[in-house]
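In structure tokens, one chain follows: the form predicted on its own.
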């Protein structure tokens, strides 16, 4: 389950940042996850519970924000939301798209003490 390694990376980031920003405890973590990030939300929540144990994030709440995927058409430069990787451009029907967002998994913000 790669969700566990993702959560372990999040915890490592929190621990590194706590040294720089001088916080002792994390109460809430908000993660933004794109629809193409290949992350199972239920597995991520379970993995976060496991990874946070005996760390500065023990007992922390995990909030997940789902972002939308966006693409830019290479043929006509139109930028638009997509639901599938191979959606055509709504203006010119081209499939020559550049993915602008949708694969992200990032920490948006924290509530700390």
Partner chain sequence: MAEGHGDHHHHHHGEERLIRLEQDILSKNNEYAAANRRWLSERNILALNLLSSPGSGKTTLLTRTIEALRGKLPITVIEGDQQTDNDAQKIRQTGAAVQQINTGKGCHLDGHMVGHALESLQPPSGSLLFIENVGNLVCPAAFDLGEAYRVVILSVTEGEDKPIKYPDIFASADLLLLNKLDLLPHLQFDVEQCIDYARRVNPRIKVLQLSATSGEGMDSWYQWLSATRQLAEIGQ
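For clarity, every value in this text was computed on a predicted model and none was experimentally measured. Between two forms, the rigid core is the largest collection of C-alphas that superpose within 1.5 Å. Residue numbers count along the first chain shown, from 1.
The following text describes the form predicted together with the partner chain, which does not appear among the structures shown.
- In the predicted bound form, residue 75 stays away from the partner chain, with no heavy atom inside 4.5 Å.
- The partner chain in the predicted bound form comes within 4.5 Å of a heavy atom belonging to residue 31.
- Using a 4.5 angstroms threshold between heavy atoms, residue 79 stays clear of the partner chain in the predicted bound form.
- Using a 4.5 angstroms limit between non-hydrogen atoms, residue 46 is distant from the partner chain in the predicted bound form.
- Contacts between stretch 30-61 and the partner chain, counted in the predicted bound form as any heavy atom lying within 4.5 Å, involve 31, 36, 38, listed in sequence order.
- In the core-superposed comparison between the shown form and the other one, the C-alpha atom of residue 93 has shifted by at least 2 angstroms.
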